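This document opens with one chain alone, in structure tokens, the form predicted alone.
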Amino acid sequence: MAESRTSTVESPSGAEAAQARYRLMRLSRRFEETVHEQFHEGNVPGPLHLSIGQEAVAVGAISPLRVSDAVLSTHRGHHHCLAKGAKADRLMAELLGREPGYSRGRGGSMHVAIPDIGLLGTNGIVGAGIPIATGAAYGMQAQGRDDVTVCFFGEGATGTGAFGESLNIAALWKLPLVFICENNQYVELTPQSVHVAGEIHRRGESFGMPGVKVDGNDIDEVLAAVGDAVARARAGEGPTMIEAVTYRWFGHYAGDKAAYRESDEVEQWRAKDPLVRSRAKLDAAVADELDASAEAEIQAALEFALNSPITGPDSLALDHLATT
């Protein structure tokens, strides 16, 4: 089922595109705030990991992409799904365990895949999407396509073995791949200062690929860096490593009170809210209309999900059996 919303993919520059990107950021924020509320209402089966505060990375990085480009995401992937073109109502239904969800409500928050729009999957295992993305990029190259793969991961994933192996292959074969480390500064419950050695954006230097560090709360900065990396990949010049420094407003998972962080630190980062910074560049009246439009879409998505049937066990086996 091929579905996609109007996005910034086709026109990444100009006032209308900037407005569309802001609306998508607002939609992403309200989507997760609403899902968070539903989690505490007991309507979200399974775990939930929020990306509130990180909207500029997802929207800025995916804006230069085509529908035919691929994205691999993480356990914190709701924003990536929406930015790639997932419909808010079906994504909401998926997280609430409802039949109209993209995986009939069985994938939940961490296992969303929508191949028709190039979303090859979110992933509950740290760093597991990196070798999958490398394989996807190799497939594009082998088919002679000029599409690219964008792979999101957190700073904790840069300590996995698959990360180094994938960078090596990607550089050696000049794969059309953009590695994006969404550095929210906490590896689950541990600050990156005691978990990550060196500078992440320089990880690719020994493999001969360029590395770029950007302010992940500035959507224009993210857009420019990823746009350059995507153009480089399309031209056959190989992968790029990008580190987008941002901050996760909430704990590692819904229910984590994040007592390991100082309140002053959280407030300092909330003051760098990517939505506030993006909104300040727009006409206030236009921004108000975009806020209202995003809110209406989220409320419609929630109503759609809550009024949809809950996925039951009756058809589970049939999805895994071949029939003759």
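Note that the coordinates shown come from a computational prediction; the quantities given were computed from them, not determined experimentally. Note that residue numbering begins at 1 and tracks the sequence as displayed.
Beyond what is shown, the protein has a form predicted in complex with a small molecule; the following relates to that form.
Undergrad: Heavy atom within 4.5 Å of the small molecule in the predicted complex: which of E165, D116, E205, E188?
TA: Exactly one residue meets the criterion: E188.
Undergrad: If you check V194, A231, L172, I125 against the small molecule in the predicted complex, which one has a heavy atom within 4.5 Å?
TA: Filtering the options by heavy-atom distance leaves I125.
Undergrad: With the cut-off set at 4.5 Å between non-hydrogen atoms, does A157 touch the small molecule in the predicted complex?
TA: A157: contacts the small molecule in the predicted complex.
Undergrad: Please tell me whether any heavy atom belonging to H75 falls inside 4.5 Å of a heavy atom of the small molecule, as the geometry stands in the predicted complex.
TA: Judged by the heavy-atom cut-off of 4.5 Å, H75 is in contact with the small molecule in the predicted complex.
Undergrad: Heavy atom to heavy atom, is H252 within 4.5 Å of the small molecule in the predicted complex?
TA: H252: yes, in contact with the small molecule in the predicted complex.
Undergrad: So, in the predicted complex, is T134 in contact with the small molecule at a 4.5 angstroms heavy atom limit?
TA: Contact with the small molecule, no.
Undergrad: What stretch, of 218-226, 178-186, 97-105, 237-245, brings heavy atoms to within 4.5 Å of the small molecule in the predicted complex?
TA: Heavy-atom contact with the partner occurs in 178-186.
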